[in-house]
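For reference, the chain that follows is the form predicted alone, supplied as structure tokens.
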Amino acid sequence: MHDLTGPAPALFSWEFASDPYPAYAWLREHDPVHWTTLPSGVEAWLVTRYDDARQALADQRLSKNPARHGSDKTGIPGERRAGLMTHLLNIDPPDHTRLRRLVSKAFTPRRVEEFAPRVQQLTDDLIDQFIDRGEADLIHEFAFPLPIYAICDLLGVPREDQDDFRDWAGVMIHHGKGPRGGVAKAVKKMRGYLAELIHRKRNDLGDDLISGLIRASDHGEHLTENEAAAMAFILLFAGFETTVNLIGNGTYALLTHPEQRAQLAADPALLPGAVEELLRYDGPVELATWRFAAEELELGGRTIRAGDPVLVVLAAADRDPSRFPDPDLLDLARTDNQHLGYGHGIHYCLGAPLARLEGRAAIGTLLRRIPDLRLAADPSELRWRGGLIMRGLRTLPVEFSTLR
């Protein structure tokens, strides 16, 4: 249990990054809708209780359009300059309704299901590359490349170009050690490449997702090339970093909860529910993306002024004891697990079926193929990446026997 009686804990320190849950428990108890100054200097409301979070995620008075706030510090670095703002994370109805309907036509659950054998092949190929070594860094060698190659295949990025994507993506989530401004440069290169690829595919449509985006039309409307590039970019950006962290955080949770891991290894039928519990317990998205009050409103007993930024803390809501019994307990057999890991309302994550597929394939295959997988570092030595929205490990060193 967390100590809820002491003074307010510090937010956004390195200690907080390692384990933010005690601080979130304190906020839920004492100041559930909390006004704070973020490391960037931007002031915002943090929403930490489950019921308030669910309300905020679905409240259309909370706009997703950063133009209402006008700060360069509230989005993906470089997306504004690269002309990539018109994607689903940044727009409101009716534009959001139109774009989401068009994208949903191309990005169907059936398309994801048909992709399952390819995800399994990628998973096995990556494990093959380190299984004989007896050690690996599961972030750099497994959790990071798997969703990059998967989303590239799904989008229709040719194999010979996929390593460029891997490099740009690495810079974007700070795996690459680049110069200052490197993230914005990587976004610009990715934007240029996607625009060129969309242009090429218009004359040579395939069965990939970008071709599907080009084909998708609704009442005579088509995605413009700019909208298609922005959509492909956000599917890639939102679709890979979240999955890196789902695989990394989920595997780490299992390695530090051996009794739960043994239960899952003994009964693979638990896997779909286990992935949901891993998402709830230590999910990849700590805070939902930015919202801005389009008008004055009440939330959790607080008055939110027009223009105020609002950040829904999914990590706090998903450990709210009023919604989840024993919320700090990892319980892979948990039922009625209505976590908010993929959001709620009209901005519910479009890529959730793909993330679930990749999470099940990655975690299930690791446990099956490397049954004696174990941490190769003390948990206190592991470092979590600094950053506001996402929660993920920088590295996850593991070791195992090479006798198969």
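Every value quoted in this text rests on a predicted model; they were computed, and no experiment measured them. A residue's number is simply how far along the shown sequence it sits, counting from 1.
Here the subject shifts to the form predicted in complex with a small molecule, a form of this protein not shown in this document.
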Handout entry: is_contact(Gly343, the small molecule) in the model of the complex, heavy atom dist at most 4.5 Å
Key = yes
Problem - Contact of His347 with the small molecule in the model of the complex (heavy atom, 4.5 Å) - result: yes
Practice task
Please run the contact check for Arg49 against the small molecule in the model of the complex: heavy atoms, 4.5 angstroms, yes or no?
Solution key: no
Exercise for the section: Examine Thr289 and determine whether its closest non-hydrogen atom to the small molecule in the model of the complex is within 4.5 angstroms. Expected result: yes
Practice task
Please state whether every one of the three residues Gly239, Leu246 and Leu314 places a non-hydrogen atom within 4.5 angstroms of the small molecule in the model of the complex.
Solution key: yes
Fill in the blank from the handout: Interface check vs the small molecule in the model of the complex: of Leu279, Ile148, Ala143, Val187, the one with a heavy atom inside 4.5 Å is Leu279
Handout entry: Listed residue (Lys201, Arg334, Arg302, Arg100) with a non-hydrogen atom within 4.5 angstroms of the small molecule in the model of the complex
Key = Arg100
Completion exercise
The stretch from 316 to 324, 263 to 271, 115 to 123, 289 to 297 that lies within 4.5 Å of the small molecule in the model of the complex, judged by heavy atoms, is 289 to 297
